[in-house]
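The chain below stands alone and is given as structure tokens, in the form predicted on its own.
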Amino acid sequence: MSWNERPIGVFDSGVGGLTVLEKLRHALPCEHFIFIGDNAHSPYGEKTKEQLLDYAKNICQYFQSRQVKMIVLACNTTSANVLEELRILFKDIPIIGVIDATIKYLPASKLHRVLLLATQATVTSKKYDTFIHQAYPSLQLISHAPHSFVPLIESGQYRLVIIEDIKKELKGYISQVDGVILGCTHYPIIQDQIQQVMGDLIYISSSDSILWDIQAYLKEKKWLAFKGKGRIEIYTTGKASAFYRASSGFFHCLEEDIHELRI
């Protein structure tokens, strides 16, 4: 199989990574994608680094068995905590994380004080703090880990109005910042509701940023698929029915398109 024909592996702790897959399938329509949502271990935000590495390693081994040409960590938590370890373990497969891309394309010239919304594991890692301080020393970063957002999204409750839950989480930051980094690929799913609470600010989505890095890398390597219509395989380590219910409000697929995977 030529490198152009090989699939791209994409994974997240759950349905949030589909916000990345949605961007990818429209921008790269000839590519074959294999997506894995690790719902059996979701949410990742409260897990230890050792647990995160174990989960991610198992998924990368599966991708390796499928001869992927690239692995996309559509997950800020694993990108913050275990990206370098995975790159050492899987030297022959390029692995791209969301944090590098998000900071690279940050519109820093328009920002003075920005709120990072991310999982507890991402906030604790201080990866965003370190990288932003190095790249944009005058930019002030405030970090907050909303405990309720990922469970609400994974349960499908985001399809109801969850404005009150968002207000409880973010009331201390209203009118205090000029930008918001959605530092979890789940959060773009509720961006409209976050915006209703926080107002007309600059919103930076890690789901948007990583697309540009992936496109640039594939072009540089001359690995872009260039013929035919790409295929998408969707797997969850949890229950397919629950995954479908959680994702059906923002990602179009049939329930029978989602397969359960035991790894």
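For clarity, every value in this text was computed on a predicted model and none was experimentally measured. Counting begins at 1, following the sequence as shown.
What comes next is about the form predicted in complex with a small molecule, which is not displayed.
Chemist: Pick from 150, 166, 103, 111: which residue has any heavy atom within 4.5 angstroms of the small molecule in the model of the complex?
Modeler: Among 150, 166, 103, 111, a heavy atom within 4.5 Å of the small molecule in the model of the complex occurs only for 150.
Chemist: Is residue 184 part of the interface with the small molecule in the model of the complex - any heavy atom within 4.5 Å?
Modeler: Yes, residue 184 is a contact residue.
Chemist: Would you check, heavy atoms only and a 4.5 Å threshold, whether residue 75 touches the small molecule in the model of the complex?
Modeler: Yes, residue 75 lies within 4.5 Å of the small molecule in the model of the complex.
Chemist: So in the model of the complex, is the small molecule close enough to residue 44 to count as touching (4.5 Å, heavy atoms)?
Modeler: Judged by the heavy-atom cut-off of 4.5 Å, residue 44 is in contact with the small molecule in the model of the complex.
Chemist: Which one of these stretches, 156-164, 170-178, 135-143, 75-83, sits within 4.5 Å of the small molecule in the model of the complex when only heavy atoms are counted?
Modeler: Flagged stretch: 75-83.
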